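Here's a solo chain for you in structure tokens, the form predicted alone.
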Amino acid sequence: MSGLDRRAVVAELLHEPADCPGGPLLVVTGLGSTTYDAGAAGDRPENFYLWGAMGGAAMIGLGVALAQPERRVLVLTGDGEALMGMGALSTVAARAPNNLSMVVMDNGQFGETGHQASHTSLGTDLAAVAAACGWKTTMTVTTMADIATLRQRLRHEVIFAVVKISTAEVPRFLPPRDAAALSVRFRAALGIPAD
């Protein structure tokens, strides 16, 4: 199977999350495997996991980025979710926050519903779509050396990156699933008092 190991990629991208200007990296994950990957890399209050909002990660990330302009925000999602929420790519590009990046883990399949082929395995190039939507910097990453470089760039630049990952199954790591508790702890990590 070709493609990078998803867990190694996310562990590298989220390594030393406190090394961002303005405070620790804020991470919004898409439904499914990217949530498991981020949790396996280290569950922390600055991770906001989406358990039932397929297609919503980019828009939630945009809201966080606009509300927290001094913090770096990363939307970490899969190709299936990015395809479902393609209109969000235009909205994010139009608002152009200088603190929001997006990484799409692309294995060319809908992993949560039975591994059916996604449109990225049938010709859709999400980096090209993002560029056409107005993202200034887009890239497709295929090596771990490029992941290490991407990690550094995410701390200071706005980037839309597609990471080509393997279709290999990895064990699920289930971080906290209580949506209310996740919201409260994320708000606390931002210094926002609970209602």
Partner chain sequence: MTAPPWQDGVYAALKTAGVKQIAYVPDAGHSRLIELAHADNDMHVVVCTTEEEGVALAAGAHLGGQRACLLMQSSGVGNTINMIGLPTTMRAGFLTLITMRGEWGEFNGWQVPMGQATETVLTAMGVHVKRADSKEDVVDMVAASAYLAFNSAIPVAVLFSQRLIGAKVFVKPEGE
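Quantities reported herein were computed from a predicted structural model and do not represent experimental measurements. Numbering follows the first chain given and starts at 1.
FYI, the form predicted together with its partner chain isn't displayed, but the following is about it.
Can you confirm whether 124, 129 and 160, the three residues that make up this candidate site, all sit within 4.5 Å of its partner chain in the model of the complex, judged by heavy atoms? No, the candidate spot makes no contact with its partner chain.
Find the only residue in 170, 54, 147, 40 having a heavy atom within 4.5 Å of its partner chain in the model of the complex. Of 170, 54, 147, 40, the residue with a heavy atom within 4.5 Å of its partner chain in the model of the complex is 54.
Contact segment among 60-68, 162-170, 137-145, 32-40, judged by heavy atoms lying within 4.5 Å of its partner chain in the model of the complex: Partner-contacting stretch among the options: 60-68.
Answer for residue 99 alone: is it within 4.5 Å of its partner chain in the model of the complex, judged on heavy atom distances? Result no; residue 99 lies far from its partner chain in the model of the complex.
Wondering, does residue 88 line up within 4.5 Å of its partner chain in the model of the complex on heavy atoms? Yes, residue 88 lies within 4.5 Å of its partner chain in the model of the complex.
Check whether residue 190 has any heavy atom within 4.5 Å of a heavy atom of its partner chain in the model of the complex, and answer yes or no. Output for residue 190 is yes: heavy atoms within 4.5 Å of its partner chain.
Would you classify residue 179 as touching its partner chain in the model of the complex, given a 4.5 Å non-hydrogen atom cut-off? Flag for residue 179 set to yes.
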